[in-house]
Structure formats: C-alpha cells, structure tokens
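Shown below, as structure tokens, is a lone chain in the form predicted on its own; questions about how it binds or moves come after it.
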Amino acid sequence: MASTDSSTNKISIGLLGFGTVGSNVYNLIKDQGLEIAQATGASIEIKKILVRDIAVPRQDAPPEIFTDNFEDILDDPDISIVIELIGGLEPAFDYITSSLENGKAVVTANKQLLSQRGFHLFKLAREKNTQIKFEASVAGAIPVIKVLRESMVAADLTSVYGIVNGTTNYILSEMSRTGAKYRDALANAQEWGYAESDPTEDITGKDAAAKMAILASIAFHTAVSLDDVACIGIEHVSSTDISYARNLDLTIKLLGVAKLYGNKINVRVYPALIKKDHPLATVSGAYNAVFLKGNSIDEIMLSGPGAGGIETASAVVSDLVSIIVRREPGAHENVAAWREMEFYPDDEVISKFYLRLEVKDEPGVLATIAKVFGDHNVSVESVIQKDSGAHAELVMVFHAVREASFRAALEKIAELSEVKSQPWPIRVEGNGNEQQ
C-alpha cells in the first residue's frame, strides 16, 4: 500500500521506463504537482527512474535520479509506489512481482502482461495487502476499468464491446475518409505516431485481444486470458471493401466483443461493418469507444482518446492519485475470478456476413455459388454484381446464420474453379444478430 511520511506527507515513487509514456508521466507529475497535492493531501516525488542505459543524456529529469539497477528502487524503503512502463512480459513480471511482495503498490500500463499473468498479480496484491492499478492498459484516457470496477458492480452486465485500438481505428478512418489503400493509411499512421514502426500487435488484433481479455475478466468476474480471445486483424480489409461499405450505408471498424450467452462467455476481436447511424461509426481517428450493456443499465458508451503518450500518461497519474487517496486496499482493488465460466463456441454464434468474391465472368456462376450457400442453410440477403474485365466481382450480404454453417459453406466456395479470390468475409453488426 502507499505509505507516507507523517512529518512531510511526501510519497516517493519508482518509475520503470522513461520512453514516451514514462517521460510524459514524469512531466505531468512535475507540472501538475500542486493539483495532485490538493487532490491527495500529499506531495509526490519520482525518486528513482529505471532505464537500460544511464549514460544516455536526458533533459527532462536530473541525471542523479536515473539508475540501471532495479534493486535501487526495490530496496529503497521510502519508495512506496512503483510505476511500470517498460512493457513486455519479462523483466516486467519479475519487477512487479518483487514490488508487490515487498508491499509496494503498483501502477502499470502493461496490457500484454495483465492479459497473460494478471490474475497471479491480482492475487499477490491481495495477499500482501497492497494495490495494483492498470487503467492505462485499456482505452487510453477513458476510465473504463474504474467504471467497471466501481460503478458497474450492480449493473448485471451482459456485454462489453467497442473500439479499443486507436491505431487500427485511425487506419480504417483514413481509408474511409480519403479512399487510401491499407498500406498508405498504415504509413500515414506511422508518420503521425499513431502506429509503431512494427505495427504487428495492432493490425493483427492482438493488442485489442489483450485489452478485451482484461475487460471481460473484470466485467464478468471470470478468468479470461489472451489465449482465450480469438482475433482477426485488418490486414485483409481493402479500399474496395470500404467503398462497397459506403454504398451499403455501412462503415468498417475493428471491434472487440465480450458477450454472455446464458452462463457462458464469448470474447473476440474482428473487423465489422456497422450502420453509419450507429454511435461507433462516428468514432474516428485514434479515438476509442466502449459500450457497456447490462440488465440494470440498458447501455452506456464511454469514448475518448485511445492512443498517445500523454493520454496514457494521464491514465497512469489517475491511478497514482487513486492509490494515494484510498491509502488502504478495498473491495474495488479486487479483480477476482469468483466464478468459473465456460466459453461459448464461436461456431455457435449467430452473425450476419458481408463477402466479396472475384469470379469468372460467365453464365451460371452466381447460381452455382448460391446453391452452395443454400446447401449449408445460408440465406443470401442481397447481391451486387460488377463486371471487371475478364472477371466479375460479387458482393453478397447474408442473413444472420450460425457461424459454423457459414464457414463450412466458405470452404466449399473456395474450392470452386469459378472463384478466383480467397474469400475474406466481414461480419455485419447491429442488424438483429448477436450484438443487438
């Protein structure tokens, strides 16, 4: 737990990492020190900062507070809170574990670590009567974790879904706004700092999957790990799909979806087409938005910046203030898996789909394809056919169907000699299927 010196009422902090987020956290604490003191009744100092190389000049902080030895932070009795911003599984896991074992409170933004080993750390924090906060691990500056842990205790939640990755939302927004191809939109996102030089975690959906594992665990009080979350990224979304979506009065977003089916849970990440009048359709750029739906609250939406160093730093400082104000751990610190829930199979989910196919431009092709779908009890809602030189392009939207049936039909479609492209379906949300 956070401890204070009774004579000076000063709290000392150890900061692990001084990259974009770490330096922003340092500057926020320095620049907003008076406001933080007024809110907490304590003055705060970052006493030590762990970096890989202390020889690298850094203008933001005095050189004497940097160290490359974690023990300088762990063994310092004055440091009562550790902020972990180095990312990755190791050595972050060891650092957080050691901090908690020594009774220090922890703030972290490490979604990958929490989604894979979080419940071990939550259990350890309870055993050591200290706190671990992680608001910055999901949705940037949006306080969705605080809302789930505190405000939604009696909401009887049934689903949590939305846009939880700012990078992919920026890319898809740019493709929709300008007609840019995927690669060009990605390069633009990297140029503006919304995407890493290696964007794999974001574009494959793994970043969003880690966040959904955390949100689902809190919302439904059951252990959900990263491995439990199936994810599909945006690599195969093309500017052509964006154009067809516009003609259908739809837009494409990468969604994270966690939903209860009776006493079972299903958690996934995938690109989805949504109606342009849906609130999520207007969430553009690097913004995030999360819907919370429950039997006691109907539905509420939380929205705000989801990517950026200063936004993440703001969430870190918010957690820091929460630790100091609370002083002693309470029920809201518990992220307990007090119930075990089975996972609802993806194959059993009822969904609508959009599908674009390149096919031979010859008589009977559409009838052949429609028959395959009919044989698998997949009903076509609408078809657009467009000639394209030697080939034709079919765009099909289907009625809601059991996903196993649709996938089985796709396997047969892919084997047809008339089909010249790999089928890449996109789910259609908000039209009477599982989300609504």
Ligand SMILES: NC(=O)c1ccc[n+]([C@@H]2O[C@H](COP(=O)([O-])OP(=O)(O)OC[C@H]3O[C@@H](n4cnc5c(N)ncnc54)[C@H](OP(=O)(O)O)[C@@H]3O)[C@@H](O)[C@H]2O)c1
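Because the structure is a prediction, the values reported are computed rather than measured. Residue indices: 1-based, along the sequence shown.
One more form of this protein, predicted together with the ligand, exists but is not displayed; see below.
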In contact with the ligand in the predicted bound form (heavy atoms, 4.5 Å), from 197 to 205, 247 to 255, 82 to 90, 271 to 279, is stretch 82 to 90
_Quick check on residue 217: any heavy atom within 4.5 Å of the ligand in the predicted bound form?_
no
- Query: Is residue 44 a contact residue for the ligand in the predicted bound form, using a 4.5 Å heavy atom cut-off?
  - Reply: no
Within 4.5 Å, heavy atoms only: does residue 179 come near the ligand in the predicted bound form? no
### Message
Does any part of residue 185 reach within 4.5 Å of the ligand in the predicted bound form? Heavy atoms only, please.
### Response
no
Partner-free chain; cross-checking the ligand in the predicted bound form, the single residue of 130, 312, 167, 115 with a heavy atom within 4.5 Å is 312
The one residue among 109, 267, 286, 160 placing a heavy atom within 4.5 Å of the ligand in the predicted bound form is 109
Of the residues spanning 18 to 41, the ones with some heavy atom within 4.5 Å of the ligand in the predicted bound form are 18, 19, 20, 21, 22
